[in-house]
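A single chain, nothing else alongside it, follows as structure tokens in the form predicted alone.
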């Protein structure tokens, strides 16, 4: 029986869940993995949290370096969140020859490649399965199951808060504000939900998927990010009329030797497999040259789905220590033929657009004239019932156009006196 000593840094929702899983499944883990996993240290800055720790002989501390200095610790679990302090803890753990498990998506999005190189140099394993998709084993699948594939595309619904909000709005009884309030009441959204609804949380996760799936050293700043804050219930209804569902989609795909990397609200055909992913659930749709298409689906967050993945990472490292078969994350500048990131203005796609205009003759002609001057061809257009006594929504779908042209056209249209609210444009993905 291989003894594996754990130092758990961060005892919040996920950290306490990890402790609970290890304690309640101890016999099961021993029988099925040959590992005796023991939490030797729990660290948290909140002294009130430490008082709640009930783990027998486990030591408690508010100083992470008490854990890092203990030569008997095999694996450090980083669950404190943030980037600066978390990076410091992880790098020091690696240099102290301790293996690392983390669920810190923001940290890995910004510094993952640097951390992996330090770990490789020190012959240390780093696992991060819970950083994307909670309980969905997408990281392990990309690292191991799909290693022989050249990925062509990743589409992901990877933020449960935004998906819950859009699902509620699609039900027809909720506006954005009401859906967000319910998400907060149910614990699906933070008191400050900006990271989720702005698309940044999805972008952090997409950066990790690109680094591991495409083996491409992406700069996080190169990911285009747009949130769902401007989406109205009417947009969802209008999209339905055209046969589409609106989702906050994370997209990474090859395009003529370069990579598209973007997060934004997206119209997906109702028949697309991701259109039916509802509530807090996540789903990641992958296309590779050998596997064809694969779908990963499940709860993307929550105490036990995430804690279960952290424990899986612990067992993976422990099993490799037992058999002396270490496995590192290798990201090489020369191992991918992608030449760079395609800028958002260079991307061509179809668009849904909604304009809030004064209801008078000639308005539609003026809008369509500006679109034509910017090389934008209209596929269909509908003038809806008035929103107020004077303002009417004009809804249209375009043919495939250049994003840069669409941006210029929208700016010009929004400066017209006949436009009374910010125009909405949403990209369409039909693959």
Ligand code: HSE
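Keep in mind the model is a prediction, meaning the values are calculated, not measured. Numbering follows the first chain given and starts at 1.
Although not depicted, the form predicted together with this ligand is the subject of the following passage.
The unique member of 190, 171, 88, 293 whose heavy atoms fall within 4.5 Å of this ligand in the predicted complex: Looking at the other structure, the residue within range turns out to be 190.
Option touching this ligand, based on a heavy atom within 4.5 Å in the predicted complex, out of 75, 119, 301, 283: So the residue touching this ligand in the predicted complex, by this definition, is 301.
Residue contact check: residue 313 to this ligand in the predicted complex, 4.5 Å heavy atom: No, residue 313 sits far enough from this ligand in the predicted complex that none of its heavy atoms falls within 4.5 Å.
This ligand contact at residue 205 in the predicted complex, heavy atom, 4.5 Å: Yes - in the predicted complex, heavy atoms of residue 205 and this ligand come within 4.5 Å of each other.
This ligand contact at residue 266 in the predicted complex, heavy atom, 4.5 Å: Contact with this ligand, no.
Touches this ligand in the predicted complex: residue 227 (any heavy atom, 4.5 Å): Contact with this ligand, no.
Segment assignment from 159-167, 255-263, 142-150, 172-180: heavy atom within 4.5 Å of this ligand in the predicted complex: Among the listed stretches, the partner-contacting one is 159-167.
Residues from 196-225 in contact with this ligand (non-hydrogen atom within 4.5 Å) in the predicted complex: In sequence order, 196, 201, 205 come within 4.5 Å of the partner.
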